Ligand code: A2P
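Shown below, as structure tokens, is a lone chain in the form predicted alone; questions about how it binds or moves come after it.
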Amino acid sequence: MSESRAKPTLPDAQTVTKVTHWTDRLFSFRVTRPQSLRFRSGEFVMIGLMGDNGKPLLRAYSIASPSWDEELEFYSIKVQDGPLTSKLQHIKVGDEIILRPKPVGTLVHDALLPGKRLYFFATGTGIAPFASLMREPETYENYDEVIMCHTCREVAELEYGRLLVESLADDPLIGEFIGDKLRYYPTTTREDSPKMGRITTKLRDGSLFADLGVPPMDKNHDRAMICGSIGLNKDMKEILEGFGLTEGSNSIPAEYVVEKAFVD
């Protein structure tokens, strides 16, 4: 008798369609999308599995796929003793996860005032909402230049973002919107790579602007979105406000926004 057919259906269940393990600490997966789900690129939802006590175990995960995608993509760390990720990292195609279809978040275009250049600042799996926004046509309709800054400890941890960025120029759906507007600025903090160092250091010493050949940040033209650890968020707020930028929200748009709900 097949046990797979006897599994009870989870509440708000969605079926896993693809799983990719990038390193021993990072994996991504795709699931079916509820027909009723509408979200803005950059938002997050609560997803998870049933816990051992029979209650849903849910965490906030940014949706890495754009709003127009027929499926949903997520990018996750693996924590061996983590209540959720210790189990989530073992999911396979055909398994089910719980998804609460109530998207929210601050990393959306509506929370920023119009500008010319948009920076995405991410550490680790914080690139997930920007994986969504980099595939959103509105991003390139709103800005002349989009700069994806991604910092990880090791080169292999950049692979998810690097492959995505490299694929977009030739993407049949989004490539024509992007043109030459998207730039990629990866750095590592532990393993040797072409660009070493924390993104906060490179902003403070000006090397990021020198490397990219762009002027220092200006509140009249530059906009920014931040997603990473609590420490990064705090440091980045201080740096951006030093350039004169003000934090915005869905209700009061400004020059930069931070995703506070994301756990890196």
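The first residue of the sequence shown is number 1, and the count goes up from there. Note that this is a predicted model, so its numbers are computed, not measured.
There is another form of this protein, the form predicted in complex with adenosine-2'-5'-diphosphate, and it is not shown here; the text below is about that form.
Note to self: Just to confirm the contact call: exactly one of 62-70, 223-231, 207-215, 42-50 touches adenosine-2'-5'-diphosphate in the predicted complex at a 4.5 Å heavy atom cutoff, so which is it?
What the structure shows: Of the options given, it is 223-231.
Margin query: Test of understanding: in the predicted complex, would N142 fall inside 4.5 Å of adenosine-2'-5'-diphosphate by heavy atoms?
Written below: No, N142 stays farther than 4.5 Å from adenosine-2'-5'-diphosphate in the predicted complex.
Note to self: in the predicted complex, is there a heavy atom of adenosine-2'-5'-diphosphate that lies within 4.5 Å of any heavy atom of R153, even though the partner is absent here?
What the structure shows: Residue-level check for R153: yes, a contact with adenosine-2'-5'-diphosphate.
Notebook entry, point to check: Does T189 make contact with adenosine-2'-5'-diphosphate in the predicted complex, using a 4.5 Å heavy atom cut-off?
Noted result: Taking the distances in the predicted complex, the answer for T189 is yes, it comes within 4.5 Å of adenosine-2'-5'-diphosphate.
Notebook entry, point to check: Does any heavy atom of S132 come within 4.5 Å of a heavy atom of adenosine-2'-5'-diphosphate in the predicted complex?
Noted result: Close contact is absent here: in the predicted complex, S132 is far from adenosine-2'-5'-diphosphate, nothing within 4.5 Å, heavy atoms only.
Margin query: Only one of K219, R198, R33, K195 gets a heavy atom within 4.5 Å of adenosine-2'-5'-diphosphate in the predicted complex. Which one?
Written below: The residue in contact is R198.
Notebook entry, point to check: Considering G124, G105, G161, G115, which brings a non-hydrogen atom within 4.5 Å of adenosine-2'-5'-diphosphate in the predicted complex?
Noted result: Of G124, G105, G161, G115, the residue with a heavy atom within 4.5 Å of adenosine-2'-5'-diphosphate in the predicted complex is G124.
Check: What residues in 17-56 sit within 4.5 Å of adenosine-2'-5'-diphosphate in the predicted complex, counting heavy atoms only?
Finding: If the 4.5 Å heavy-atom criterion is applied to adenosine-2'-5'-diphosphate in the predicted complex, 17-56 yields only R25.
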